[in-house]
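Taking the form predicted on its own, here's one chain by itself in C-alpha cells.
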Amino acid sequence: MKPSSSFDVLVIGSGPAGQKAAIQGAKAGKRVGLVEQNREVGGACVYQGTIPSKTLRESALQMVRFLQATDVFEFRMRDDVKITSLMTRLHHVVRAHGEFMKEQLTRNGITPLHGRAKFRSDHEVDIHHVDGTCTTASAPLIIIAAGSRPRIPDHVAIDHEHILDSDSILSLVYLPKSLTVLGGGVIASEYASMFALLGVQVTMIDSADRPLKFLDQELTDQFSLAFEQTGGRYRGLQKIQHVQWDGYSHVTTTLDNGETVNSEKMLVALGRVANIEYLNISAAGLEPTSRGLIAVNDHCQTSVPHIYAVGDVIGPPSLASCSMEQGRRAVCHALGLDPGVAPEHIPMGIYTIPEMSSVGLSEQDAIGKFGSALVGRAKFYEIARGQISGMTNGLLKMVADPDGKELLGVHIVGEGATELIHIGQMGLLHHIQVDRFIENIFNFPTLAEAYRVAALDIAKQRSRR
C-alpha cells in the first residue's frame, strides 16, 4: 500500500459529469483529485460512445450528400469498404478532444489519479493501479461520476465479434452486409439508421410497437419512414427467444412466435447499467436502488450528505449535456456556492438519421394538461433552405395552449434538428408568445424559418374559430 493523499474534493470518473465537477471545485479554490481507471480522461463519451458514433454518422451523411451532388457520375461504395476508412477523422477528433480535456484539467490544477476506485469508508477511497499497487485518497467531499456501460442481457451471449454491444460495434473491420439490432431506444435507433444509410440490411427488433416510444409519435413516424426508405425494417411487439452464432456466417435470432431472423452481425443495444458494482458503495453507507442506480435529491446529494452522485449513475435523462450541469451544480451546492437558476426545458437531441430533438410538452402531454392544444407544423420541403440543401425530409412541430397564444413545446425531426431546437428552448424559457415568431424576421433562406411557418399555422387555426 502506497502512502495516502488528501484533497478537498475527490471526483470518481472523468466523463462529462466528473470533468465539470472537478473543474468547478478547482475554480472554487479547492484541491481536487480526479480518479479515472482508463488511460485517458473523457470516459465512454469520448472513446466508446458519443464522439465515435457521431463521427460514423457524419461519414454516412457525407457519403449521401456526395451521391446527391454527383448525379452525372457513376458511383458506388466498394463491397469491402472498411469501417476505419469511413472514420478517417476519428483518431484526430478523439485525440484533439482528449488533449483539450487534459489541458483543461491541468490548467485548473486538478490532480489525476489513474486507477480503479473502491470506497474504504465514507471519506476514503482506495485506488487500485494497473501495476497492482494501491493508494488511498481521502476528501471531505466526494463526487461519484463513474458513468455506465452497455447492459448485457442474460439470454444473449455477446462475443464482441459476431454479437456486439454498443462499445464494440465500431471495432468492426468491414461493414457487414446485414445487421440485426436488438432494442428500440436511442442507441439502437442511432446505429440502425447509420448502418442502413451505409447500405447495410438492418432489422431492428424490440418489444415496443415503435422505436423511441417516449418521443412525439409524429417524429418517430417520420424517422420510421426514413429508416424504411433506406431498406431498414422494424419488427415491433416482439420478444427474443434465442440468439446464436451458427459458427460459420450468420447470427440467428429466434422470436417467441417462432420466426427467425438471420444476419451477418448483431448489435445488442438494450440500455446501459451504472458502473457502481466495483465501487463498494456500501462501505460509504450507500446502497443501490432496485434499478442499480444511486438515489439522490434535487441537488444530486446522496443519503450520505457529503457524497454526491451525478451523470449516468443516477439514471435518466443520461444526456452528456445534463451530466455536465449536474456535476457543476452538485459541487456548487456542496460548497455553498450559488449555482444559478435551476435548468428548465432541457432539450433532448437524438442523432438518428434524420436527427430528432424535442423540448417542452408534447402534443399528448399538452392535451392531458390543458384538455386540448393547438399545433402548428412546418414541413422542411416547404422551406426554401430545405429544397436548396436537399433536406426535405423534416418537420418542425410547435405545440401551443388551447388559445394558440402560449408556446408549450417544440419537436423537430430532420437534419439540423438538434441545432434548431435551441430557438424553441429560449422561447420557452422566456415565455415568448407564439405571435412573436410571426412578428420577427428570420434569415432567408434558413431552416429556422420553419418556426415562423409553424406559428403562422397556429394563427391560421385561431382565426377559424
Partner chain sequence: MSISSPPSLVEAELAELRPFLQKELEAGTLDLPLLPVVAHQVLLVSGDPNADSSKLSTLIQQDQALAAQILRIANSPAYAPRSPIVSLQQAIAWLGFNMLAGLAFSVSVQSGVFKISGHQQEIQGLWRQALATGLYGKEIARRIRHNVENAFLCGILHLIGKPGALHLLSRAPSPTGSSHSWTALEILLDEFHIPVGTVLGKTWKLPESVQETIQFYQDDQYHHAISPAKGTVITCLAHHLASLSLQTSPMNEDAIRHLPVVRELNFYPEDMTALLELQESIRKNVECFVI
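Numbering follows the first chain given and starts at 1. It should be emphasised that the depicted structure is a prediction, and the values quoted were computed from it without experimental measurement.
The discussion below concerns the form predicted in complex with its partner chain, not included here.
Undergrad: Tell me which of 129 to 137, 193 to 201, 344 to 352, 280 to 288 has residues with heavy atoms within 4.5 angstroms of its partner chain in the model of the complex?
TA: Flagged stretch: 129 to 137.
Undergrad: I need to confirm a contact call. Of His333, His114, His306, Arg151, which residue comes within 4.5 Å of its partner chain in the model of the complex, counting heavy atoms only?
TA: It is His114.
Undergrad: So its partner chain isn't shown here. In the model of the complex, which residue out of Lys213, His162, His97, Arg120 has a non-hydrogen atom within 4.5 Å of it?
TA: Flagged contact: His162.
Undergrad: Any of the heavy atoms of Lys239 lying within 4.5 Å of its partner chain in the model of the complex?
TA: Contact check for Lys239: no, nothing within 4.5 Å of its partner chain in the model of the complex.
Undergrad: Is there a heavy atom of Met324 lying 4.5 Å or less from a heavy atom of its partner chain in the model of the complex?
TA: Looking in the model of the complex, residue contacts with its partner chain do not include Met324, since no heavy atom lies within 4.5 Å.
Undergrad: Given that the partner is absent here, does Gln37 sit within 4.5 Å of its partner chain in the model of the complex, heavy atoms only?
TA: Yes, Gln37 sits close enough to its partner chain in the model of the complex that at least one of its heavy atoms falls within 4.5 Å.
Undergrad: Would you classify Ala384 as touching its partner chain in the model of the complex, given a 4.5 Å non-hydrogen atom cut-off?
TA: So Ala384 does not count as contacting its partner chain.
Undergrad: When its partner chain is placed as it is in the model of the complex, are Ile367, Glu406 and Asp457 each within 4.5 Å of it, taking any non-hydrogen atom of the residue?
TA: Answer is no for this spot.
Undergrad: Could you run down 159 to 195 and flag each residue that has a heavy atom within 4.5 Å of its partner chain in the model of the complex?
TA: The stretch touches the partner through Asp159, His160, Glu161, His162, Asp165, Asp167, Ser168, Ser171, Leu172, Val173, Tyr174, Leu175, Lys177.
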